[in-house]
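A single chain, nothing else alongside it, follows as structure tokens in the form predicted alone.
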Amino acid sequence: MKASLKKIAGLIDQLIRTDNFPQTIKPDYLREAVIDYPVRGGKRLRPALMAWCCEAASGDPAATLHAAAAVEVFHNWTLVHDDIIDRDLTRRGAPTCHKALAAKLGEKFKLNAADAERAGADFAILAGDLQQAWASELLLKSVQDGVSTPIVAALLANMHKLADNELISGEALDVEFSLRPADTITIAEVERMIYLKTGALLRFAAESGAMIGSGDPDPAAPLTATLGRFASLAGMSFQLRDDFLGIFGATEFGKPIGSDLREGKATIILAETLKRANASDRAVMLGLLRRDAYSQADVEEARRIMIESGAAASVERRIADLGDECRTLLMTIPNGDGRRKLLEFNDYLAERTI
């Protein structure tokens, strides 16, 4: 799987760097912002998932090239907007899009700090909008990879349903939860939000690969539906692990350790902690939310409460259970290299530490 992931990542990197869509974007600093996140790299898991599902459906993974780049660019515009909403300062070890633009525009136009921040956010929103358009164009270019027009039309329709409607609805729920007291948000509500915000895009990637591989434009076709269900559950596993690492990670792996606490993010591990902790620790945990800054001692205190309450162990059990359910689904699809890679992918999601 790792060798295949590296190969796919290289192909996606090359396509994103050479695609002509960004070339005519003006001003230049907006074009640079549009390209920035997509070329920073990342795991490229969604493009790989699409290619492996295509292979599992007896197709040629090369036929997913533009569609796989589309799902990666789509993912990146959601990160740009998410970073604005969360007021994050770094992404993948570098300034977030809105912060980088604020610095650039502040210097270029001699703006005060407040005006530079506002301009940076404004142009980052536009950069995300352009990335969303770029993703649609890349998907249309799938015809260059031999994908039939009916399949491309079906992919676009599915993207609007899953990646646009459901994913953005999930983001809206996430924002709504930040307005509510943390102890009023149920685990079921958080799980629904995670499916929409994370699982829907992974489901789109899986279903797209299966549709391209099988030549069947129906996302409800048995194999496509099975792979879509697998991806939805894998998305839950991915996000649970992501949120776990957001507290227990050894290093920053994409966003600052403790940033979820700062934003009062509705995560399963937080909901489990507030449900399980004793009254004293529950009060301390609530007091640790939405601070402007966190010391290492603050993070260690949050970790202690999560461990002693049993929330951390509960989340790890949930991740393991999801992995088992995913594995059961994958064993129902035809045996071959595609299934083998998906099984390895499933194990990676459950066990990753970065």
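Treat the numbers as computed from the prediction; the structure is a model and nothing was measured. From 1 onward, residues are counted along the sequence shown.
This next part talks about the form predicted together with a further copy of the same chain, which is not shown.
In summary, among the residues Ala220, Ala94, Ala250, Ile85, the only one with a non-hydrogen atom within 4.5 Å of a further copy of the same chain in the model of the complex is Ile85. For the candidate set Ile25, Leu15, Ala9, Leu343, a heavy atom within 4.5 Å of a further copy of the same chain in the model of the complex is found for exactly one residue, namely Ile25. This chain is displayed without a further copy of the same chain, yet in the model of the complex the stretch 127-135 from 208-216, 234-242, 259-267, 127-135 comes within 4.5 Å of it by heavy atoms. Contact check for Tyr29: a heavy atom falls within 4.5 Å of a further copy of the same chain in the model of the complex.
Put simply, Ala279 is far from a further copy of the same chain in the model of the complex: not one heavy atom of it is within 4.5 Å. Proximity of Glu176 to a further copy of the same chain in the model of the complex: non-hydrogen atoms within 4.5 Å are present. For the chain shown alone, Ser169 is a contact residue for a further copy of the same chain in the model of the complex, at least one non-hydrogen atom being within 4.5 angstroms. Applying a 4.5 Å heavy atom cutoff to a further copy of the same chain in the model of the complex picks out Trp77, His81 from 65-82, in order along the sequence.
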